[in-house]
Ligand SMILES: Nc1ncnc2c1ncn2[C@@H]1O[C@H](COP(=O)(O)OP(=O)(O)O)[C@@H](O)[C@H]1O
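Given as structure tokens, the chain that follows is alone and in the form predicted on its own.
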């Protein structure tokens, strides 16, 4: 197999697959039979009107709402019955609208709290340094209280904490 074929094969790897996803809120059906597949290297956006089910879809994948039916696969593994904390440990999370950061804590403290799934301090440090590489502005502001950051910087921090 050539190098180009290996790259193409890797690019076609399914990272996330949602099959027949349905969610009910009481007697109201919020989602019905949603199918979604995301491959390596893809960037996917959910677009729709208010109330169309975008947030519910993300919350269902993150296991923050109960599924009525359907299956969720992550890297080929069925995670349909996994609780939310196990889904987070796998690396699935989303950053909801509205900068949810601990405003009275520093940027660094927020990042340390966000690394709670890491069990050793070297991994925590590596994860924080990785986030600083992605968001250099946060590195500059590491000792600043999160509540004093601009709105955009707070959103960066909210994403980095995930």
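Positions refer to the first chain, counted from 1. Values in this document were obtained by computation on a predicted structure and should not be read as measured data.
Omitted from view is the form predicted in complex with the named molecule, to which the following refers.
In terms of contact with the named molecule in the model of the complex, the residue from 30, 93, 38, 34 that brings a heavy atom within 4.5 Å is 30. Scanning 52, 113, 122, 134 against the named molecule in the model of the complex with a 4.5 Å heavy atom cut-off leaves one residue, 52.
Per the 4.5 Å heavy atom criterion, the named molecule in the model of the complex is contacted by stretch 53-61, the sole one of 126-134, 66-74, 102-110, 53-61.
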